[in-house]
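Next up: just one chain, as structure tokens, the form predicted alone.
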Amino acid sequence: MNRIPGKSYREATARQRVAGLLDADSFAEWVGPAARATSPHLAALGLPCSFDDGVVVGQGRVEEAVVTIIAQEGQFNGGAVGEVHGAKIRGALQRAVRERPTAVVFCIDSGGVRLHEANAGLLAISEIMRALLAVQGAGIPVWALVGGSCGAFGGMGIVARLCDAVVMSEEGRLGLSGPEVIETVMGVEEFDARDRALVWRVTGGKIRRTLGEATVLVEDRLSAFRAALESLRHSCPVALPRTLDALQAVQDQLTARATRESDLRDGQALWDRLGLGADAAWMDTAQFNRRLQELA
């Protein structure tokens, strides 16, 4: 597989992302197309299946360093997690503990759990979380990449926040409940899912970077995500500690932030308060990163 310079990360398929992120011709897939590991639940319902159940897992290299890579296919069922899909992710994480790669690269592009196999999908999410924590416990960092059309929502939004670093593009989205879910539950007056500017001011890469929930904000290019991985390889080599004291400190910070920013409706209100102003939403990625750095 050869890298595709300049290609949009958002528009790429899972397999194109794998090719664009790894050293050329270094990828070895596990449970590949020939295995035909497909969802028995979708087949039983007469629904379309995918030969890889919407996720690619395997091993490759970044600057010759071995990494485990997981890439969800957002164009199949919105990247939603089912039994086989989740088992492949969990298995890749468990194999990483045994084989000890430099890092796990997790290309998240998912709206959450498949409604068609909800119980199996929910169990799979919990198993993924446990396996991810085991990887970190073995001293192996997990880096999430979020820039696909489905973003990282539901259980996969939680998984993303468990990772040691989160690389996002402005086009990426990260949250617990998706915009349509919020609108359905709370009403359109509370949140209009058709207001795309509002959606990105609440869940998009810029606001997540402002809040510190994204570690790095990059352009929507495969090469930019690859460059971020190269940087992380040198600056984030060891998984973050997961002690009770460390977790309590994070919880205290979040509690303080919720109190301090309880009156803010969306990202623009926060940017105004920070002094980024009305132009924040329109700044290109480089300008936005510079302004954030100046305010740090």
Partner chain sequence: MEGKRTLFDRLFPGGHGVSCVGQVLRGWGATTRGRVHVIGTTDHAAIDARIALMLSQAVLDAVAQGPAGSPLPILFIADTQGQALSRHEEALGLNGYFAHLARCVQGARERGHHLVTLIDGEAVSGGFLAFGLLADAIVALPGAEVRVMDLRAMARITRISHDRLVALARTSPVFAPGADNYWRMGGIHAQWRPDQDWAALLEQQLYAAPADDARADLGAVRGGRLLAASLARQVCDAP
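Numbering follows the first chain given and starts at 1. Just so it is clear, the model here is predicted, and its values are computed rather than measured.
The form predicted in complex with its partner chain is left out here; the points below concern that form.
Only one of Cys150, Leu174, Ile140, Ala165 comes within 4.5 Å of its partner chain in the model of the complex through a heavy atom, and that residue is Leu174.
Remark: Arg98 counts among the residues lining its partner chain in the model of the complex, judged by a heavy atom distance of 4.5 Å or less. Not displayed here, its partner chain is approached by Leu123 to within 4.5 Å at the level of heavy atoms in the model of the complex. By the criterion of a heavy atom within 4.5 Å, Ala118 is counted among the residues contacting its partner chain in the model of the complex. Among heavy atoms of Gly111, none comes within 4.5 Å of its partner chain in the model of the complex.
Looking at 251-287, the residues that come within 4.5 Å of its partner chain in the model of the complex, counting any heavy atom, are Gln251, Leu254, Thr255, Arg257, Ala258, Glu261, Ser262, Asp263, Leu264, Arg265, Asp266.
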